[in-house]
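Quick heads-up: the structure tokens below are two forms of one chain, split into structure 1 and structure 2.
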Structure 1
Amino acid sequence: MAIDNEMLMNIINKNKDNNGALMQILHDVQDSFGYIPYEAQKVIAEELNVPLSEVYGVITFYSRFTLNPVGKYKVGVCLGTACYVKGSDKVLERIENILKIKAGETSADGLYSIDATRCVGACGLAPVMTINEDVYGKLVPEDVDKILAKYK
């Protein structure tokens, strides 16, 4: 996917003279493109005169940033201890079978992406899945079909 170079340069030029410019630029690029493409990383590194490895290091350190396009609906399944012992691995398997993609992937139509997460802070509702900002708890694999049907 080609990036919009004009948009990217506007983001960089707006922020490059500020303290913490790299973080703000990465946030703005993520918000604009939905992820931070490699091509954008190279341009950011060149324009800020920092090594590409520094840009990549910041992106991969912070979980908010992603290197790959994500779906309109970001499905997360908690695999933290409380959720896992209550069957979240089976919930994840059901989601992967329905959407025909694995954790870490995005569907070809760009509608869904799946992420295996760690604790989302809802241990009392274990096992838990999220879709964007919506939280679903006390799940069994059979619940997944109806939940996903809401997000078409």
Structure 2
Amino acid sequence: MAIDNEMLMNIINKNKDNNGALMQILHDVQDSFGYIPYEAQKVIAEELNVPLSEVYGVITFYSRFTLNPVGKYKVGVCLGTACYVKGSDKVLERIENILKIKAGETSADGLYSIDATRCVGACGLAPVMTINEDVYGKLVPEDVDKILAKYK
């Protein structure tokens, strides 16, 4: 995966000496590249003199950051407690099977990516899935097929 090194270095140099530089840099990289590739993490770690494990830890802690490019359709499944007890894990499993990718991954054609999210604040509709801005609630796994078919 090639990244635009000049763009990356600009982002790093702009924020390097500020408080909370790491967060700010990660935000900017995510916005500019659409995700935060390993190559960028490596450079950030070296430039800020922090371990790669810390950079990676922050990225995987915040759902706003992604390790892979996000698909045209961003499928989110809530694994918050309310959704979980109503079987959102089964919903997720079904989506993963249909799209043949796991949560956190993006399909080869760049069309779909799946996210296992934290509570989205729609507990009344549990279990909930989202596709970009659209919200689908009170799901059973079988509903997933039809919903996904709408997004091509």
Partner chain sequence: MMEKVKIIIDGKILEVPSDYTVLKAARMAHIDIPTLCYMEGINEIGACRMCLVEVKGARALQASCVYPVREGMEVYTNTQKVRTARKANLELILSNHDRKCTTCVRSENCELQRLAKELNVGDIPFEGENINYPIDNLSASIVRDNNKCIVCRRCVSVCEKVQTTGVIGAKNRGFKTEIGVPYDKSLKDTSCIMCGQCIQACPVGALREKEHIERVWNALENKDMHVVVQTAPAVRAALGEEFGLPVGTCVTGKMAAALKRLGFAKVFDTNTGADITIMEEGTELLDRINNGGVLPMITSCSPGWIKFCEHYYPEFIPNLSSCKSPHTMLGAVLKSYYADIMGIAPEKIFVVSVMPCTAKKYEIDRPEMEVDSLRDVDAVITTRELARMIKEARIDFVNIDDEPFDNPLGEASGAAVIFGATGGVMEAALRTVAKKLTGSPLDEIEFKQTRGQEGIKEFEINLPNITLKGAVAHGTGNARKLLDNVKSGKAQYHFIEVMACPGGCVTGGGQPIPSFKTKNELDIFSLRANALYEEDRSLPVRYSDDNEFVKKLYEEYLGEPNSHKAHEILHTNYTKREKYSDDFLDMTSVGETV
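This one's a predicted model, so the numbers in the text were calculated from it and none came from an experiment. Structure 1's sequence is the ruler for residue numbers, which start at 1. Between two forms, the rigid core is the largest collection of C-alphas that superpose within 1.5 Å.
*Asks:* Given the two isolated forms of this chain, which one is the form predicted together with the partner chain?
*Replies:* Note: form predicted together with the partner chain is structure 2; the other is not.
*Asks:* Hey, with one rigid portion rotating against the other between structures 1 and 2, which of 41, 99, 69, 50 would you call the hinge?
*Replies:* The hinge residue here is 69.
*Asks:* How far, in degrees, does the smaller rigid part rotate relative to the larger one between structures 1 and 2?
*Replies:* 27 degrees is the angle the smaller part turns through.
*Asks:* Look at the Cα of residue 29 between structures 1 and 2 with the rigid core superposed and state its shift in Å.
*Replies:* In the core superposition between structures 1 and 2, the C-alpha of residue 29 moves 6.0 Å.
*Asks:* Aligning on the rigid core, what is the distance the CA of residue 12 moves between structures 1 and 2, in angstrom?
*Replies:* Rounded to one decimal, the shift is 9.9 Å.
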